[in-house]
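Given next, in C-alpha cells, is a single chain: the form predicted alone.
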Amino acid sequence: MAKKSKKSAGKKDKDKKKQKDKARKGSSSSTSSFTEALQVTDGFVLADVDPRSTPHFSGDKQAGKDALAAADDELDALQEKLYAESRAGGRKRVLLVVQGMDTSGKGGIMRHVVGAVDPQGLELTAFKVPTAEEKKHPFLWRIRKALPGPGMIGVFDRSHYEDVLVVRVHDLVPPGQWKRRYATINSFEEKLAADGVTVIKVMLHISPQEQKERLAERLDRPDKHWKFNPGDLDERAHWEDYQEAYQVLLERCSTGHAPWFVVPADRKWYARLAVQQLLLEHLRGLDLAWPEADFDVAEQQERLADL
C-alpha cells in the first residue's frame, strides 16, 4: 500500500509539473503581468478592446485550462497565509469586485476561481435589486455591511457600481444624483485602501454577439432554462447605453488605489484564467508572512514527545 501511495503521489507531482510547464509556454512576454495588460489607464477606450482577445496569454484553450489548474495550489496557499497573518493582528484583506453584462461569466468566475480557495477565508456577496430596507439608506450602506474582515477575501458579484450603471441607464434617480456618486465611490475606495483593503475591480467584457449565443443556448437547453431570465432581453435592448455607462465609470473610477481591469470575456477559459491571475498577482504583492509562534516551539515539541 505504501508503494502504491508513493507512486500515486509521484504521478500527481509530475502532472502538476506538466501543467506548470504548459502555463509558462502560454504566457505572453508582451507585458510583464496580467495586471499591466488589463489595467484601465488614461485614454482607455472600452470599444477598442476585442472581447475575444487574450492579453498576456498566447496559449490555446487547453493551455489556459492547464494554467488555471496549475495555479490553484499557490492561490490556496496565499489565501491561507493572508488568513493566518490576520490571526496575529494583521489588517490586510482583499476585495474582488466582478461586474459585467448578463451572461458575461460572473458565475463561472465564482465556481472556477473563487471556488478554489478555502471557504473559511472567503466572504461572497451577490448583490441583487435593492430591498425595500436597503432603499431607505444611502447606496453604500449595503456595501459597507458586506466588506471583508481582516484576513479575508471578499468577493462582490455585482456591486456599488450598479448605482452608476442600472440607475443611470434606467433613469432611476435624477442625473445630478448619480453623477455625484463617482466622487463618493472614489473617496469610499480610497478609505478602504488606507484601511488595508486591496481592491481589485474587474469588468468582464463580452460582445453582443457572444451574449446572444449564450442566451440562445439557455433557451435551447432544458437544463439551462433555470438560468434564463426574460429580463435579460430587456437589458440587452439597452446595450449601447450600458457600454457608455461603463466607459464613463472606467474613466472616472479607475484610480491608483483602486484601479479597474477590463477582462475580455468571449472566451470563458481566458476570463477565468485572467481573473485568477489578477488575484494571484495582487496577493503576491501583499508580501504576506506566516505569523511567528507565540509559544516556545522546542518546549512544546518536548511535551509532545513525552505524551
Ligand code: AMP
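These numbers were taken from a predicted model, which means no experiment stands behind them. The numbering used is simple: start at 1 and walk along the sequence shown.
Form predicted in complex with adenosine monophosphate: not shown, discussed below.
### Query
Where, among 84-92, 146-154, 186-194, 159-167, do residues come within 4.5 Å of adenosine monophosphate in the predicted bound form by heavy atom distance?
Comparing against adenosine monophosphate in the predicted bound form, the contact stretch is 159-167.
### Message
in the predicted bound form, does each of 97, 246 and 266 have a heavy atom within 4.5 Å of adenosine monophosphate?
### Response
No, the whole trio is out of contact, none within 4.5 Å by any heavy atom.
### Query
Tell me, which of 130, 138, 108, 115 has a heavy atom within 4.5 angstroms of adenosine monophosphate in the predicted bound form?
The residue in contact is 130.
### One residue of 212, 179, 224, 142 in contact with adenosine monophosphate, assessed in the predicted bound form (non-hydrogen atom, 4.5 angstroms)
Residue within 4.5 Å of the partner: 142.
### Query
Even though adenosine monophosphate is not shown here, does residue 77 get within 4.5 Å of it in the predicted bound form, heavy atoms only?
Judged by the heavy-atom cut-off of 4.5 Å, residue 77 is well away from adenosine monophosphate in the predicted bound form.
### Query
Just to confirm, residue 172 within 4.5 Å of adenosine monophosphate in the predicted bound form by heavy atoms?
Residue-level check for residue 172: yes, a contact with adenosine monophosphate.
### Query
Taking adenosine monophosphate in the predicted bound form, which residues of 76-110 have any heavy atom within 4.5 Å of it?
Sequence-ordered list has one entry, 102.
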